[in-house]
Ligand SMILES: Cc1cc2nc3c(=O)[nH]c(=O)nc-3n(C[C@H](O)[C@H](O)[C@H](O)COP(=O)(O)O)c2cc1C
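Next up is one chain by itself, shown in structure tokens, the form predicted alone.
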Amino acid sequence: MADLSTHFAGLKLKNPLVVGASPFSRNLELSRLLEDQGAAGIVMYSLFEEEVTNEQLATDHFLNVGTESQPEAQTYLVEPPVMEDKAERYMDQIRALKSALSIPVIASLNGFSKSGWVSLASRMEAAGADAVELNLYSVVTDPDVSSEQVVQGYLEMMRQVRSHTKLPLAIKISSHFKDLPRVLKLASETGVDGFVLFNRFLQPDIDIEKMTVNLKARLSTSDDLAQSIVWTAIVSPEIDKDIVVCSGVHTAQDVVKAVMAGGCAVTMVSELIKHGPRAVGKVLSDLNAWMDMHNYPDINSMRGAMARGRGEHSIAYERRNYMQALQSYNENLL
């Protein structure tokens, strides 16, 4: 049986299969089942800074409304509805998961202000998280904001968070950045420990009969893996950081592709939503069987075997093979 041990942004893992950010982490029983099936770690659902801010503003409103309306009101506070701090509930869930599980618990944070990123990451560390995934999910719609401004803003945020926490930091990033290899290289110099490739942007659909926007998330398929695989193969030889492949991991073969491209681990969500926690056990069993059949004793011996710069296949990631790919369609049509 092959040795599946590996790492995620510096964390030691018993195998490369990590449960990605999802509602699974809200439920202790499901989280235990995932660990029992062999999951090597779990990424919590994302905490969005604006959710925390909006909740705090609502609390402030209820505490202050009416206090200036009449002289007697100076000593009167309107009774607010029962409200809890969303951030504190998140920290409570970190503590609960840490008590229930032996595998690493990785918090996930999506902020929009430097102070928010820093303060919430610090609270996650204090709550006992093993690492923090900084989820760079934002859609810049202002035409006067340049891509370089966006990049520099994120880099400064990474430096600030790094200076305020000792936890391993993984950056979950979109593939839509201009000059992606350069962005990853600059980010790696801020002191972060690894990257998760890639974040999936919400892609709303339009219901032309109801005149509404459909926000239902689409589950991935193995076909969605290609983009993450290509970029992992391109950047992994250039960046001395752990790379985790995300989006489109459903089978043991998908895990093999991710590792051969240079990935250290993968995250899985859609396959678990479709088939439940037992999917973890099946994928790991199939992975072991595949590695034994192909004489790979451990993950490390397989990692990067198909990355750019490793043998003749490396040119497949370059521009000159674009024509060959198109010609393959021509051959099939003629």
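Quick note: we count residues from 1 along the sequence shown, nothing fancier. Worth saying up front: this structure is predicted, and the values here are computed from it rather than measured.
This protein has a second form, the form predicted in complex with this ligand, left out of what is shown; the following refers to that one.
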Notebook entry, point to check: Wondering, does residue 119 line up within 4.5 Å of this ligand in the predicted complex on heavy atoms?
Noted result: no
Residue contact check: residue 53 to this ligand in the predicted complex, 4.5 Å heavy atom: no
Note to self: I'd like to check something about residue 219: if you look in the predicted complex, is any of its heavy atoms closer than or equal to 4.5 Å to a heavy atom of this ligand?
What the structure shows: yes
Taking this ligand as it sits in the predicted complex, is residue 296 near enough to touch it, meaning that at least one heavy atom pair lies within 4.5 angstroms? no
With the partner omitted here, the residue among 106, 258, 246, 170 that in the predicted complex has a heavy atom within 4.5 Å of this ligand is 246
Answer key, this ligand contact in the predicted complex at 4.5 Å (heavy atoms) among 200, 162, 86, 241: the residue is 200
Among 281 to 289, 28 to 36, 300 to 308, 41 to 49, the stretch whose residues bring a heavy atom within 4.5 Å of this ligand in the predicted complex is 41 to 49
Practice problem: Indicate whether the candidate residues 21, 270 and 273 are all in contact with this ligand in the predicted complex, with contact defined as any heavy atom within 4.5 Å. | Solution: yes
Checked 118 to 146 against this ligand in the predicted complex; residues with a heavy atom within 4.5 Å, sequence order, are 133, 135
